[in-house]
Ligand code: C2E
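One chain follows as C-alpha cells, the form predicted alone.
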C-alpha cells in the first residue's frame, strides 16, 4: 500500500503543474492581461508545470526502482535463512522439485546430501549461542566454498544442512562431493581465539533419471542415511534398498499405530522386581506391548520410536498409566499382600514437558483407587537432564505422594551437579549394561559409586537385567537387594499373575528359588477387564498437586 501511494506522488506533482499553467492561460484570455507582467507570469506558470512534470517523472522512476528493490528484498528474505544467507527449508523443496524435473529432461543424476554437525550441541552449550551462530555461519561458508558452482546449499534447520548436487553423470560423482565436504571439515574452526574441530555425518540419497521420488522423499531418505552414518561413525552413508524397506516398514508402523490406539491393540505386560534379601515381590514395571493383527506381539523397541516422532507417545503413556494403576488396584482387592507392592510406569519425554501431566496422574489415581504411595513413575536419565525445567512437574507429582525413579542410570549425561537437584527422586535403577559385566573394574566402580551416592542421598537402588545367580550374589555384596531381570521373570500379561501365589514372601537362599515360586498357574484379570472394571465418570473435583493450586 505504501508503494502505491509513492507511485501516485509524481502524478499529483505533474497535475499540479498543468493546473497552474492552465489557470494563468485562462487569466490571460478572460482578463485581457497582455502586458509584459502577465506574459512573464504565464511563462513562469508553464515553466513550473514543466518542472513539476520533470520532477514527477524523476520521482516516479526513483520510487519504482526502490519499490522493486523492496519487493526483491522481501522475496529474498522469504527464501533465505537469515543467519547464514543460504536457502531455507521452503526454498529447498521448491528448488529441489525443479532440479528433479531438470534431471529427468537432461537424463542426469541428482544427489541429495543431508548433513548434521556431530559436536554442535557441545560447542553451543559450552561456549554459548553466539559461538554456535558463528559456527553455523562458518560451516555455511565452507560448504558454499566446497561444492560445485551449480550445486545448491540450504540450511534445513538447527545444525542440519542439505546440499543438492545437480547435472551429474554418475553416482560416483555424488559420492565425490560428499568426500570433498568431509575433507573440508578436517580443517579446525577458529572460535573466540581457539581452534575447534567440528565433524559432520552425511546421508546420501541418489536419484537416477527414472526415479519416481519427490523432493520430500529424497530429503527423508538422505536424512535416514545420515542417521546410519552417525551410528556407524562412517562419515557418510548411502540410502540403499534395505533402508528403503525400513522406511516403508516405518510408514506402515506409523499408519497401523493410529489404528492400534483406536482398536485397543496395545496391552500392558508386567516385569517383577524382587527384594532378594526379604525374599518377596517388591513391585512391577509396566511395559507396553502391541498385539498387532498380522505381525503378532511386538515389543516396544519396534514402535515407541515412531510414537515419539509422531507425537503419539503421550496417548500411549496415558494408556499404560491407566492400565497399570487399575491392575495394581485390582490386585489390592484380591490379596492383602499386594497392597504394599510398587507399580512402576515409565514417563515419556512429551509427558514430562506437559504442565498438565500432574493433573492426569492425580486423575488416574482417583479413577483407579490406587494409593499414591504404590505408584512409581520412572524417567530415563537423559530425558531428565535434557529438560531440567521439567523438574517442577516432577515436584508437583511428588507432592501427590507418588515416588519417582531414574531409569537406566549411569548411561546418560548426568553428573553430581545435576544429581543434587533430583531431591524429589527416591530410586536409582542401575542400567543392565553395568550388571552384564561386573567383572569389569570400571563397571564395578560405577555400581559401588552409585550405591554409595544413593545411600548418602537416602535413595533406593534397583539393579536391572539380572540373569544369573552369580550376579545376584555380587549385587548383594554391593548392598543392592532389589533386582529385576529374566532370572526372576520375563514381562508377563496381567491375567497370568495369580495374586494368591505371587505376593507372599518366599523361603530359600537363592534367587532362582524365588523365580520358581513366581511361576504363575492361576490366571487373574485381563488388562481389558481391569480397565473396564474401573471405568467410571468422576462426579467430584479431582485431586490437585498442592503447588499448582
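Owing to the predicted nature of the structure, the values given are computational and were not obtained by experimental measurement. Residue numbers count along the first chain shown, from 1.
Here the subject shifts to the form predicted together with the ligand, a form of this protein not shown in this document.
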> Should residue 499 be counted as a contact of the ligand in the model of the complex, where contact means heavy atoms within 4.5 Å?
Replying inline: no
>> in the model of the complex, is there a heavy atom of the ligand that lies within 4.5 Å of any heavy atom of residue 432, even though the partner is absent here?
In response: yes
>> Taking the ligand as it sits in the model of the complex, is residue 340 near enough to touch it, meaning that at least one heavy atom pair lies within 4.5 angstroms?
In response: no
> Does the 4.5 Å heavy atom contact test between residue 464 and the ligand in the model of the complex come out positive?
Replying inline: yes
> Every residue in 289, 313 and 347 with a non-hydrogen atom within 4.5 Å of the ligand in the model of the complex?
Replying inline: yes
>> If the cut-off is 4.5 angstroms on heavy atoms, which of these, 158, 300, 209, 479, is the one near the ligand in the model of the complex?
In response: 300
>> To verify the annotation, which of these, 399, 144, 408, 469, has a non-hydrogen atom within 4.5 Å of the ligand in the model of the complex?
In response: 408
> Based on heavy atom distances of at most 4.5 Å to the ligand in the model of the complex, which listed stretch, 144 to 152, 170 to 178, 281 to 289, 246 to 254, is the contact stretch?
Replying inline: 281 to 289
